[in-house]
Every structure is written in structure tokens, then in C-alpha cells.
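Below you'll find only one chain, the form predicted alone, shown as C-alpha cells.
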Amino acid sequence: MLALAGCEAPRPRLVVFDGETMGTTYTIKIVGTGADDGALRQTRQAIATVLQGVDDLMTTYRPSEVTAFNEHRSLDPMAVSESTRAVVELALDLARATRGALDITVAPLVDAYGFGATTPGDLSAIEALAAIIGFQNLTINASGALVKRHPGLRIDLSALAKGYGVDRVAEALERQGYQDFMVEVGGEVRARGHSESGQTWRIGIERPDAARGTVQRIVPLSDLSLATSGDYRNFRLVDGRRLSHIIDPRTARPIEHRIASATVIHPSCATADGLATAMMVLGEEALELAELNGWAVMLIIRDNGGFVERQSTTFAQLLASALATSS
């Protein structure tokens, strides 16, 4: 027994990179790397470059490609980068798939309710703003340029940008030959291979309305992405009324229902990110649409002072398969 213990293979090396990006934090864990310090410095720089690049294009808090488009009060096409075009194209696809629940043209309402880069607007102007909201008022022409159908149309990519950044970092790590890693930006996650323990990565889904770090459920995750959206952290109190930061573009009002959080598993983190927001907007309709489309969705619902979970068939199947594989 002693001899066997002495021959036990050491655990793979774990390298962790972390920092700040997109108004939040990121953590990247890489397992089993034999890279020297110079190569790891290059990896860290590559990660920072990818994340900074996404933020520089899509932020609304300083000059960016998105702010330039928002200030472009013309119906003439505006050329944008391949990254911005890809995220807008995905957003429009998801808008159609979610019956308009995800709509990046909601930016003026986000600002008006006090959740954007500007000071809160005049809530009496909501109806006027709602008139220019609608993903149908935004198109991409044959050359990949963005085209407005209303000069006042503005976009907000925050529902997809973090997930898109996760995907781009994961692709950069794959190009460098890494096989086992986990990329997390602001709670949006993509995992590949195994953790340093040799097991499937284990990702915690936060329990709503509880102290930070309290876990509702742990999900084994490998070669997939996971994103969660919730209404329990970011809200404002206006005249004693609680306003969620998640705006329903169909009603031009903050959401008001029992859904506390929505989690989506998908190969693409950008898609999971966008769908999680859409599921929060849809509320009780979310699981019906998830079943129709085969989406892996879990809702945490407020119920008599506690919480209950509801899972789509695909989510339950993925979870059962992952638990069986990791056990």
C-alpha cells in the first residue's frame, strides 16, 4: 500500500488567470499545461487582448463601435467589425426565436430606467421611447453593415457580450493547444475537458436572494457553456417600487413575475447568455418555448417564501448524463 501510494501520479498543474473586464471580473483556469513562464505570459496577454478587444467594440460606457452606431443618426448603412456584426446577427436570430423577448434595441429604455451609461431619464417619456424599440428596425445588409430604420434607434449588446468574450477566449486557448480549461466572465462559463482533479468541471448556480456564494445547484460541465440571468442583484427602488434591470421590450417595462433566475446550457456561451436574458423576460412562458426549441433551460422560481426549480427536458437530460459521466 505504501509503495502504491508513493507511485501515485501527481495532480496536473493548474494555472489561474484573473482580472477585470466589461465592468465585471474574469477567471480562467488551465489544467495540465507544461508551458514555461514565458509561454504563460503570452497566454495571459492573449486572454487580456481578446477581452479588451470585445469591450472596446461593444461597451456603452465610453466611445466604442456600439456608441458610434448609436450616435449615427442616419438611415445610411454603417460598416462595423466582424465581431460586432456577428453579435448583432446572433442577437437578431435570437430575437426571432424568442418572440422578441431578446431585443438589443431596448437600449433607450435601459437608460431611461437608470440601468445604462447615462443618468436615469424621464419615465414619463417611456411611451415615446417604446415607439422606436424593435429588432425589426435593425438590419444587416449584404456587405455586413448595420442599417437603422429609425434614426433614433440605439443598441445594447450587454446581454451577449460577456458570453461572446468567453467564446473568443476559449477559441484562443484551443488555438494554443490547451485541452482542459474553464473560462468565466461575469458568471458566464465555458468549460472544456477536465478540472485539476481529473473530473468534469463543476459549476455552481447561485441561489437567488441569498448571500453571495450560496449555491442552489452544481452542474457538471464539459465541452459546453452555461449562462445565468437573474433579477435579484441589479434593481432600483423608485417611489417605493422595485424596478428590475431586465426590461421586457414587448411592454417597455421592467419584468414583474416569479422567475428569480434562468440558466441555459448551450455549446455557444454567447447564445446561452442571450437566451438566459430572454428566458427571464418570458417568465412563465420560458419553459414552453424551451421545449419547442430543445433548449436546455432551468428556472428558479419564487414560491411561498422559498424557491423551486423547473427544468426543460433537454436540461434534465444533460444534467443526468453529466452526473452519470462524472460519478
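Every value quoted in this text rests on a predicted model; they were computed, and no experiment measured them. So that there is no doubt, residue numbering starts at 1 and follows the sequence shown.
The form predicted in complex with a small molecule exists for this protein as well; it is not shown, and the discussion that follows is about that form.
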query	finding
Output flag, 72, 132 and 138 jointly within 4.5 Å of the small molecule in the predicted complex, heavy atom basis	no
The small molecule contact at residue 110 in the predicted complex, heavy atom, 4.5 Å	yes
4.5 Å heavy atom contact, residue 162 to the small molecule in the predicted complex	yes
Proximity of residue 246 to the small molecule in the predicted complex, heavy atoms at 4.5 Å	yes
Non-hydrogen atom contact residue 167 with the small molecule in the predicted complex at 4.5 angstroms	no
Which of 274-282, 49-57, 296-304, 36-44 lines the interface with the small molecule in the predicted complex (heavy atom within 4.5 Å)	274-282
In the predicted complex, the one of 189, 101, 219, 87 near the small molecule [non-hydrogen atom within 4.5 angstroms]	101
In the predicted complex, the one of 182, 94, 106, 226 near the small molecule [non-hydrogen atom within 4.5 angstroms]	106
